[in-house]
Every structure is written in structure tokens, then in C-alpha cells.
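In C-alpha cells, one chain follows: the form predicted on its own.
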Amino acid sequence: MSGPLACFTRPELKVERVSYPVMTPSAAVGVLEAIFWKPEMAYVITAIEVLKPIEWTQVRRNEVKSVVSATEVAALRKDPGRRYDVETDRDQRNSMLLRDVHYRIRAQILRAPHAADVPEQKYRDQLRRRVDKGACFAEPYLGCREFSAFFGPQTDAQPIGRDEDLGVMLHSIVYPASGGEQYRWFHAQLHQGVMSVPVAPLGADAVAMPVSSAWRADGSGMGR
């Protein structure tokens, strides 16, 4: 997996985007699912290997300032005459991006309960065939949709010799039956260019989460 630019945004610095130095497991899952996915399976990322030195670049981009809320989306659907004017909600922001990235993703395939009798190898072989052919359901990207990812079969490239404490990183997102999203985190560390991802994330009380975002398109959610 490689690309000229990447941005795996740190959640605590999302106004002025600053990338993690290494691809996050959630971004890796998105890349794999863009190549091959079925409802009967899920990817579990076990490690991400960094195959090129970590290099940074800075750009200034036009972005919208607000986040559209579910209430605003419902109002737009209800009233066809209602409009969102992006020109009045545009702002220039700096982004600290990674450049010339190259990773090797190590993952396991987890079968859904209703596909327990299907050999795991079947899905693994289908993924490998699609990687060999360069086929994908959607264009994979590196953190942001404008940063396209290139993928191919495994090479002999070796991880870089770098150790670094990367801090708290998003492990996965779960969607409980009661609705909403639950974010799970882990303590990310790079050892000789390899970031191992534990199966179990940190406990629910280990990371303090904001109650709501500071600004919403409909003016709500100003508190934390």
C-alpha cells in the first residue's frame, strides 16, 4: 500500500489537521474493504509495517467550517427549497500530511456467525486474487478521499528501523444495536517500523471523550 500523500487525522487536532505518523487500523480496514468485502466477513488488523521513512509536508486547503448534523440533514430532506451555501461556510486551514508513504498491512479475516461453516481460506484467496489484479469495489484512499492509495502484492521491502511512542490511536468503531457509535482506542507504539495492534482495545474509561462537538451546522452542540 503506497501513495504520494496521506492524512490519518489525530482526533484531538481535527480543526487544523495533523496526521498520525503511521496509518491507523481503521484506515487500513477501509482500504481492505474497498478492495474486497462481504457481509460474511470482517478484517481484524494485527500489524502495520512502515516501509519508507516517515516524511512530512504542509499544505493549506479550503474546507468547510461546520459539521452537518443529523437534524440539518433531516431538514434538508424535508424541505427541497432549503439550501446549504458552502461559499459562506468556507475557511482555509493548514494540514500536516505524510508524503511518499508505503505500508504493509497484516490482517486476519473474521467470519460472521452465519458464515462459520465457510472456510476462511476462501475469503483470503479472493482478496489475494483481487489484489493481484488491481481490482477494487471503490478507490481506496489514505485517510482522506483526495489521497488515493495504490496497492499490490507483497514485496520484500523491510520495515524502517524506527521506534516511537505514537500515543492513543483509534482501534475500531462498533455500532451497538441500540444505535450510535462507540469508539475504541489502544496505545500505539512503533518498534523497528512495525506497529502491532492488540486484539483487545483499552477499557471504556481509559480515554476521556468529549460529550459533543463544539460547533454544528444547525448551531446546536456548543457545549462539551
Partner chain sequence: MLLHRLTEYAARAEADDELPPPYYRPKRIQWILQLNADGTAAGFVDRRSAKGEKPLETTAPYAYRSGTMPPPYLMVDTAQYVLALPKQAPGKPVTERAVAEGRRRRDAYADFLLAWANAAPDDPYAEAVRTFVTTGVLHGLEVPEEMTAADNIALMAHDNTWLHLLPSVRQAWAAGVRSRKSGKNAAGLCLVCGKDGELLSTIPESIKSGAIPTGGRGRDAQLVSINASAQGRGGALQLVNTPVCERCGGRAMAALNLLLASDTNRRRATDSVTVWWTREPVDDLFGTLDTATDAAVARLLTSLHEHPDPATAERIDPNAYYSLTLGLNNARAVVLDWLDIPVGRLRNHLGAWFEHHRVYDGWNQSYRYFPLWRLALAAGRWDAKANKYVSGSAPKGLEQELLHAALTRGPVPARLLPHLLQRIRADRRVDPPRIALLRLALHPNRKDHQVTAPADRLDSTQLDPGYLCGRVFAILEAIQYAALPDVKATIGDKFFGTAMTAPAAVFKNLRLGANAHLKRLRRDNGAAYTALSRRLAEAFAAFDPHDGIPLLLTTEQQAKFVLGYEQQRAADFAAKAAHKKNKDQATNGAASEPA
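Take the two forms, find the largest set of C-alpha atoms that superpose within 1.5 Å, and that set is the rigid core. Numbering follows the first chain given and starts at 1. Since the structure is predicted, the reported quantities are computational estimates derived from the model, not experimental observations.
The same protein also exists as the form predicted in complex with the partner chain; that form is not shown, yet it is the one meant from here on.
A.B. asks: Residue-level contact is defined here as any heavy atom of the residue lying within 4.5 Å of the partner chain in the model of the complex; does A42 satisfy this criterion?
C.D. replies: Contact check for A42: no, nothing within 4.5 Å of the partner chain in the model of the complex.
A.B. asks: Using a 4.5 Å heavy atom cut-off, state whether A70 contacts the partner chain in the model of the complex.
C.D. replies: A70: no, not in contact with the partner chain in the model of the complex.
A.B. asks: At 4.5 Å between heavy atoms, is L13 in contact with the partner chain in the model of the complex?
C.D. replies: Judged by the heavy-atom cut-off of 4.5 Å, L13 is in contact with the partner chain in the model of the complex.
A.B. asks: If you check in the model of the complex, is D91 within 4.5 Å of the partner chain, heavy atoms only?
C.D. replies: Looking in the model of the complex, residue contacts with the partner chain include D91, since a heavy atom lies within 4.5 Å.
A.B. asks: Which of A34, V194, A157, V168 has a heavy atom within 4.5 Å of the partner chain in the model of the complex?
C.D. replies: Here the answer is residue option V168.
A.B. asks: Of the listed stretches (72-80, 114-122, 92-100, 136-144), which one has a non-hydrogen atom within 4.5 Å of the partner chain in the model of the complex?
C.D. replies: Heavy atoms within 4.5 Å of the partner chain in the model of the complex occur in 92-100.
A.B. asks: Could you run down 146-183 and flag each residue that has a heavy atom within 4.5 Å of the partner chain in the model of the complex?
C.D. replies: R162, E164, D165, L166, G167, V168, I173, Y175, E181, Y183 sit within 4.5 Å of the partner.
A.B. asks: With both forms fit on the core, has Y84 moved 2 Å or more by CA between this form and the one not shown?
C.D. replies: Y84 C-alpha, core-superposed: shift of 2 Å or more.
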